[in-house]
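Just the one chain here, the form predicted on its own, laid out as structure tokens.
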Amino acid sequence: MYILPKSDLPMLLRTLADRYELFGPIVDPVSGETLFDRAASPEDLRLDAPIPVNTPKFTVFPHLERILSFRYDRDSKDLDIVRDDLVRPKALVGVRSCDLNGLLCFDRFFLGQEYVDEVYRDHRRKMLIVTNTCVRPFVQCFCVCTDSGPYAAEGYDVNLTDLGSAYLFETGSEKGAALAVELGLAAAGPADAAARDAAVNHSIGLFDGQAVENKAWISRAVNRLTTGFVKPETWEYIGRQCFECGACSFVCPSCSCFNIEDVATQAGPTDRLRTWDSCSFEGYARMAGEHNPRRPVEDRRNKRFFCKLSYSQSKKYLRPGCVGCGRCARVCPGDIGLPNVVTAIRRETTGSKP
């Protein structure tokens, strides 16, 4: 552990900007919202800003991306496949622990199973992650319920915790340790670690009462979702609230569903495009011949929440599929973000009315 005086934060950011494409929280001058975006200059980054409204997943999983192009000659039957070079050094600074857990879910989904997604792997290479202990949760946050925050436990290169006049600079990799040495940071002591623990406990105390209440019910919801004991009436109630807009999927740090489409270009080659998809869309599970096993909206809603809270999904990701950022609750026009789904399951268990 080291101490980074706040007066030296610009030095850290300039050092990173010299070597990496720099991404982090930026406050939009018009809306006042915090966005996670690429910084034109290190001075644009705001580590003291609230949690960004969007997630950093676009840095490894862009909304729309050409993953390859190909040209097929029908006469010779030759197939020429070209892949773009996507390996670029990126530094993600000010990542919240919930969003880091989302990236770790992505690592398991794209890299840690039977097949390796080469496009994702290229985006992930040469990436440096600087997390920022969350000391300002917004009202929908519930990472305390999903073991995802407010303090990052693993997966970072550097973790910063605001201690007032300085940051506690914790290293989680050889790259992070080398950076601390290069910056000439002073070593931290037990009193600094105690100050970090106090800051984390203070942050937990700021979470909305609903998050604390739901903490006791997450395990019950996991059990009922895994064993299929959620009543059809509960899913029908949730389905009636859903606008099928897909916003919950697009702001979710761990939603990784995508669609693939081949688009012929006038120049000759065909581009293979990958775009974000959402299980809330009616055509999400549609097959050739128009068969759609998940046409009713409630069938698609239970698929989403099974992904987020079932035990089998936790085994796949090695952590809950929901990271507790609360963005789904913030953007959902039908008010069926994950906390309210847990509440609906609780009501069917206790027999209380909505």
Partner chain sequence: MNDRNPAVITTVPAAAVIEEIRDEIEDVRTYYFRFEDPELERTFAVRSGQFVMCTVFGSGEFAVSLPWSPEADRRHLSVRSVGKVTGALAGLVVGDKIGIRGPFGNGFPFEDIKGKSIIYVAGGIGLIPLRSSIVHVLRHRAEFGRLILLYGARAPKDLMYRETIEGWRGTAGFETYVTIDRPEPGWTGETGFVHTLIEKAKVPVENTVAFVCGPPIMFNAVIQELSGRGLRDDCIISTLERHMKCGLGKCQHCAIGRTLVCTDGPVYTYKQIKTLGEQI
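Residue numbers count along the first chain shown, from 1. C-alpha atoms forming the largest set that superposes within 1.5 Å between two forms make up the rigid core. Quick caveat: nothing in here was measured; it's all calculated off a predicted structure.
Separately, the form predicted in complex with the partner chain exists; it is not shown, and the next lines address it.
For the three marked residues, Q140, T171 and V181, no heavy atom of any sits within 4.5 Å of the partner chain in the predicted bound form.
The partner chain in the predicted bound form is approached by R272, whose closest heavy atom lies within 4.5 angstroms of it. For the chain shown alone, A186 is not a contact residue for the partner chain in the predicted bound form, no non-hydrogen atom being within 4.5 angstroms. When contacts are judged by a 4.5 Å heavy atom cut-off, A285 counts as touching the partner chain in the predicted bound form. Contact annotation for G155: none of its heavy atoms lies within 4.5 Å of the partner chain in the predicted bound form. Contact annotation: the partner chain lies within 4.5 Å of heavy atoms from the stretch 303 to 311 in the predicted bound form, the single such stretch among 31 to 39, 303 to 311, 51 to 59, 318 to 326. This chain is drawn without the partner chain; in the predicted bound form, the residue among R125, R83, K175, K231 with a heavy atom within 4.5 Å of it is R83. Annotation for 245 to 262: interface residues with the partner chain in the predicted bound form are S256, C257, F258, N259, I260, E261, D262 [heavy atom within 4.5 Å]. G164 shows a C-alpha shift below 2 Å between this form and the one not shown [criterion: core-superposed Cα displacement of 2 Å].
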